[in-house]
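Quick heads-up: it's one chain on its own, the form predicted on its own, in structure tokens.
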């Protein structure tokens, strides 16, 4: 372990690095690692893993393949991007872990057994929840107004609820609230109904690069054929993958927006008027929205527009917000650790004195809610639920 403490020199690299990492886009950046440990200090899962993020980079650079290419090391990352935004050299360590997981899968050593069922579900049903395609649009039957189903009808905006909000009964409230609010604001939108497929994020995060490319390709082709101007999603994971990863696969013609961006614009234009809602809340920044997508102001602008709503911030906000532990396959692969991380975030929320915890990602909402089984915490609301309550 002593050599791990030495500064890394860019010219000291092993055959594994030269063969696997150097050809990748992130390769040259990894060479610049200072071994300062900022990534480890920022990582929500470093305490659970056999190797810290700093050690991972050192081992990769020096070619210690047998020590790094193990599930116990590579399948704890929650893909929160904390290391990426704080690294003084701009190394996106999350992308390095994604690359190494891809190699693990190519070797038949990944993903984890608990993640394989999810992968098979995406392959067979185009969703990670082992539910049939025929159930994807059932949530829309509960809407107060009929929604357009594309491509049978035309619309300017595609609302893409994503698998979690479309399928899971306790998360369908997000899909319903989003559609209802878009209706109230007079947005010309539609959904893909049963033709919608998983964005591929869950597959990509566990190293299933081939499956991700397949899902992304199908989605891009389907969406481009609709003729819409914008794609709106209320899921931070879907947003991040469509906005930032799809362009590497093929051009996606419509502009991708997170629902918080659209809500902020609708409020500013006066198309969406929000009534009084006396309540004290705190806001949790989803990792894939704040750090991956760079969106922190828009959700807060929407909350500020609700009369009587008092927003109290947690100690860690924006790009420095604590991860909920639900991403990167961590919830599926290591549920106990994911729950502990979410519980700690809940404790930060409790300390604010707020009545409720607001977020704008169904996966964050699900993990933060489930963590209440471990101890005290606040009821969790999605941003669009609060907006819908205020707008009615």
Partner chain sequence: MAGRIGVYICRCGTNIAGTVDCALVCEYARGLPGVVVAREYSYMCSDPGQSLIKADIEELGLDKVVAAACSPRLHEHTFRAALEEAGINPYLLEMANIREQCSWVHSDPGEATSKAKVLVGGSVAKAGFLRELPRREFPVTQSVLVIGGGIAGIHAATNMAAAGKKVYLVERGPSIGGHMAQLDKTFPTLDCSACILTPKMVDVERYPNVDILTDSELVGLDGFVGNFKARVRTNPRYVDLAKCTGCGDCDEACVLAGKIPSEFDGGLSNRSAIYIPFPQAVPLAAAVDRANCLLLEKGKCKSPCLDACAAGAIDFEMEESERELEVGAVVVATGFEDYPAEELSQYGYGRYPEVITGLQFERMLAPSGPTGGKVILPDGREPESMAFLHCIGSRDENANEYCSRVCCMYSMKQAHLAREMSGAEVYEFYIDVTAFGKGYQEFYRRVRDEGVFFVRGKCAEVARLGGELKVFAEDTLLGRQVELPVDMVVLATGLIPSGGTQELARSLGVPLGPDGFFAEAHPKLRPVETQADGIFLAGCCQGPKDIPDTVAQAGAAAAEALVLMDRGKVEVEAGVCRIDVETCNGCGICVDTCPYSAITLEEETAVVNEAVCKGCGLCAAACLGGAAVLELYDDEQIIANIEGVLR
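Note that the structure is a prediction, hence the values are computed from the model and not measured. Numbering follows the first chain given and starts at 1.
Separately, the form predicted in complex with its partner chain exists; it is not shown, and the next lines address it.
Asker: If the cut-off is 4.5 angstroms on heavy atoms, which of these, 340, 70, 64, 29, is the one near its partner chain in the model of the complex?
Answerer: Residue within 4.5 Å of the partner: 29.
Asker: For the spot marked by 37, 40 and 351, is every residue within 4.5 Å of its partner chain in the model of the complex through some heavy atom?
Answerer: Per the other structure, all of 37, 40 and 351 touch its partner chain.
Asker: Among 97 to 105, 83 to 91, 258 to 266, 173 to 181, which stretch sits within 4.5 Å of its partner chain in the model of the complex, heavy atoms only?
Answerer: Contact-bearing stretch, as computed: 83 to 91.
Asker: Is residue 218 near its partner chain? Define near as a heavy atom within 4.5 Å, in the model of the complex.
Answerer: Close contact is absent here: in the model of the complex, residue 218 is far from its partner chain, nothing within 4.5 Å, heavy atoms only.
Asker: When the contact criterion is heavy atoms within 4.5 Å, does residue 296 count as touching its partner chain in the model of the complex?
Answerer: Output for residue 296 is no: heavy atoms all beyond 4.5 Å of its partner chain.
Asker: Taking 4.5 angstroms as the cut-off for heavy atoms, does residue 245 touch its partner chain in the model of the complex?
Answerer: Outside the cut-off, so no.
Asker: Looking at the partner-bound form in the model of the complex, is residue 46 within 4.5 Å of its partner chain by any heavy atom?
Answerer: Judged by the heavy-atom cut-off of 4.5 Å, residue 46 is in contact with its partner chain in the model of the complex.
Asker: For the stretch 297 to 318, which residues lie within 4.5 Å of its partner chain in the model of the complex by non-hydrogen atom distance?
Answerer: Counting only heavy atoms within 4.5 Å of its partner chain in the model of the complex, the contacting residues of 297 to 318 are 313, 314, 315, 316, 317.
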